[in-house]
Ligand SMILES: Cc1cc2nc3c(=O)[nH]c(=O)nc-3n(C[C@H](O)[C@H](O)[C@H](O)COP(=O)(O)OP(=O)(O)OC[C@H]3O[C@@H](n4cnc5c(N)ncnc54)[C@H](O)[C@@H]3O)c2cc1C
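Let's start with one chain on its own, the form predicted alone, as structure tokens.
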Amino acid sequence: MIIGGGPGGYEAALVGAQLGGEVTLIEDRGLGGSAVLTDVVPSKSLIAVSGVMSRARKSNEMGLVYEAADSRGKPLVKVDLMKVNASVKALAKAQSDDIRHRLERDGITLIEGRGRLNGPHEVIAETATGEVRLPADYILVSVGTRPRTLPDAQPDGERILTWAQLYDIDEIPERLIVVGSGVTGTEFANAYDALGVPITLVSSQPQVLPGQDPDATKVLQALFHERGMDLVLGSRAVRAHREGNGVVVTLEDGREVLGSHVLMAVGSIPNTHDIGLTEAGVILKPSGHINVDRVSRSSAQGVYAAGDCTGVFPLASVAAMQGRIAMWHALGDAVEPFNRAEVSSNIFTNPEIATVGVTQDDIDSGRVRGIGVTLPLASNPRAKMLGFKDGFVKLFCRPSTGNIIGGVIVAPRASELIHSIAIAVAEQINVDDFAHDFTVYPSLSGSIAEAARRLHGHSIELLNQQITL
């Protein structure tokens, strides 16, 4: 029995069916979960539209001249937000339908309703026609999270919004206030800025993207300033209310920020309340997340969990892998425990920020023995052709073996480029072996190989030093 049809749930269902299990999946909101319906798929679709808009505005720098231009000589491109949002939601629905067809084709029983545990070996499905009791040898809980809200900033779906509600507005905001500079807030601030919306980004931290690679955040923050975004840093928002045709956000120090709309991007809460977990013997963390081990087992025998509700990594790719691992383990297939060090992630700003493995902070703090090299992309020929002047490739290796242990890429399509470094980390590839493999010329990936070449021959004397070339 699987509760939740997001990436953790539906990927687990597919593996369970592949291994000969009789699989039933319960979902009350739509297959794909938040990742497909309100989060990853729609937000990245919106970001893709904003990327087209950004390139259109810069096209005159490449010799493509629009006859119509604004007072600054920038091409005029009008955004029809109603059409954009309709397209985004249609794409999300199409993806959800594709998942449904795949599950049905593989013989998985789908129940529309809300699932809750009745002990470790039974699930109760609350459906439109009543309750159904479903016995289970194994249960996987993959119920995801929902947007966190502030007591004095309750969303109304019109002016005060969560990220799940943004796709219902039909007009371009006159000024969008984004509260929160984590991944979600930063991505939406970047996207709406590219669509031509004046942005005020409010952060309780002294910089955007706290906890990310410091060199990467410096690049992005400088670009935000350059693009005219208003950054209110080191200021915690405590209240948001409507006033006339706009909103007022009140900061902890008493200052007020005015806008037409506000996006509250202040984290998320796991959907683990009132679904019978503690009664079934499942231990929850103080945050409400389900405590799991590296093969997705909870504290209750036969009960597994996957996805954002575990608090391991809020990534669809991690949820999917946790779900697969759970089924491999439960049904006796070969399985490798989940390894955080091999997780690659991406922030879909412009430029994108992709990371994998060991971080700069790991090296600087001495938690990990390693050396690193940073190679700016400004001299890369492909970057010049794309009109890209900012960004870098950063590569870390062990000083004793030269094995690659981590990396950071700040570049267009960094999400595609990071895969080669992720493979190198997972397979413990040496910098020399990595550098000897061919790359295309010209390409941004060529700089990754070049960074590996720059690490050749460096000894342990360079331990904990950062080489900038």
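Just count from 1 along the sequence shown to find any residue number. Note that this is a predicted model, so its numbers are computed, not measured.
Just so it is clear, the following notes concern the form predicted together with the ligand, a form of the same protein that is not shown.
Of the residues L251, L315, I160, I363, just one reaches the ligand in the model of the complex with a heavy atom at 4.5 Å or closer; this is L315. This chain appears without its partner; in the model of the complex, the one residue of A424, A35, V410, L444 with a heavy atom within 4.5 Å of the ligand is A35.
Partner proximity in the model of the complex, defined as non-hydrogen atoms within 4.5 angstroms of the ligand, places exactly one of 195-203, 307-315, 214-222, 278-286 at the interface: 307-315. In the model of the complex, the ligand sits within 4.5 Å of a heavy atom belonging to A319. Looking at R398, you'd find every heavy atom of it more than 4.5 angstroms from the ligand in the model of the complex. Taking non-hydrogen atoms only, K58 never approaches the ligand to within 4.5 angstroms in the model of the complex. Although the partner is absent here, D28 sits close enough that one of its heavy atoms falls within 4.5 Å of the ligand in the model of the complex. Three-residue candidate spot G234, F392 and G406; no residue lies within 4.5 angstroms of the ligand in the model of the complex by any non-hydrogen atom.
Using a 4.5 Å cut-off on any heavy atom, the residues of 1-30 that reach the ligand in the model of the complex are, in sequence order, I3, G4, G5, G6, P7, G8, G9, I26, E27, D28, R29, G30.
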